[in-house]
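Heads up, the chain below is alone and in the form predicted alone; it's given as structure tokens.
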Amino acid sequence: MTLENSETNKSDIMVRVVNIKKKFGDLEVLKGINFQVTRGEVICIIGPSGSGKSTMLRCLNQLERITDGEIYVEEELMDKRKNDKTITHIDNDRLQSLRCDLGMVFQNFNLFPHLTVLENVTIAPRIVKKADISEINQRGLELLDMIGLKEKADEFPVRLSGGQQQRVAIARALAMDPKIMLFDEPTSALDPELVGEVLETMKNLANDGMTMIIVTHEIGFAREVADRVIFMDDGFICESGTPEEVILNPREERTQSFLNKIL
């Protein structure tokens, strides 16, 4: 496991996890994960199915509660657990605010079929932020314009391709103005010819300086966009480094075996 740089300015640390573990009954999925992500950094997490990648991502924004360990967002404690019991409680309103800092895009688009594209993008800020509806709609249209789908604002999801729906899901996550974006294999449910348009949207976010943690099987994308690649297997981080180090010149035998099978 690669140790994090101890000299990183604490004000630049966006996410830090300390020895997090996660069990589902007797099944231990995460077995002691440590890493941190700095402001503007793009992290790609790769590894075989069942290695704990998606579970780890879901733990970051509290869709799953860790069994043990600590999670910090901008060095503020979000969760601290021991033996599946909460050790440090934080105010629920503050917890929800921290969760809003973590935008999430899932494998499946999870758009509301009875709402238009614009309504899907703006529903969360309408409910949570309760801001002026005209301002929320204007922001929604700006986001749709950014992803190249402003002309689809009044369409329903069923009228969109899978790639377009996933881009709407990205805009929906951005509508809450998150500080960090989490992507859980965002292209795995797409036909191959639709993958490129979603990856292009993600590249644009990276170029704009968005802090991103991406679970992906798109090794070429990870090599091109990531500042750091993390390889996970069997609930552990086995290797971490630059794309050149992990993808092109992996040190660990498990990393080498995985990449030899998929490249």
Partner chain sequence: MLNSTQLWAIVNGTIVTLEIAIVAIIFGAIFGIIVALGRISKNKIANGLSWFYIWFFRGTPLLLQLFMIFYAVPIIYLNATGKTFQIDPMICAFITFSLNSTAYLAEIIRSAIESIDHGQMEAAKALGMNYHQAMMKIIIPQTFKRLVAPIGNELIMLLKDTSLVSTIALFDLLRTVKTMASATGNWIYYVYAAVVYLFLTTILQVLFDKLEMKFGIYEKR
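Worth saying up front: this structure is predicted, and the values here are computed from it rather than measured. Positions refer to the first chain, counted from 1.
Omitted from view is the form predicted in complex with the partner chain, to which the following refers.
Colleague: Considering non-hydrogen atoms and a 4.5 Å limit, which listed residue (Val117, Met78, Leu102, Ile147) is close to the partner chain in the model of the complex?
Modeller: It is Leu102.
Colleague: Exactly one residue in Leu190, Leu143, Ile71, Ile123 has a non-hydrogen atom within 4.5 Å of the partner chain in the model of the complex; which is it?
Modeller: The residue in contact is Ile123.
Colleague: Would you check, heavy atoms only and a 4.5 Å threshold, whether Met181 touches the partner chain in the model of the complex?
Modeller: Heavy-atom contact with the partner chain at 4.5 Å: absent for Met181.
Colleague: Do Gln96 and the partner chain share at least one heavy atom pair within 4.5 Å in the model of the complex?
Modeller: So Gln96 counts as contacting the partner chain.
Colleague: Though only this chain appears here, would Asn61 touch the partner chain in the model of the complex if you measure heavy atom gaps against 4.5 Å?
Modeller: Yes, Asn61 lies within 4.5 Å of the partner chain in the model of the complex.
Colleague: Contact between Ala153 and the partner chain in the model of the complex at 4.5 Å, heavy atoms?
Modeller: No, Ala153 stays farther than 4.5 Å from the partner chain in the model of the complex.
Colleague: Using a 4.5 Å cut-off on heavy atoms, which residues of 156-173 contact the partner chain in the model of the complex?
Modeller: Read in sequence order, the residues that approach the partner chain (within 4.5 Å, in the model of the complex) are Phe156, Val158, Arg159, Arg172, Ala173.
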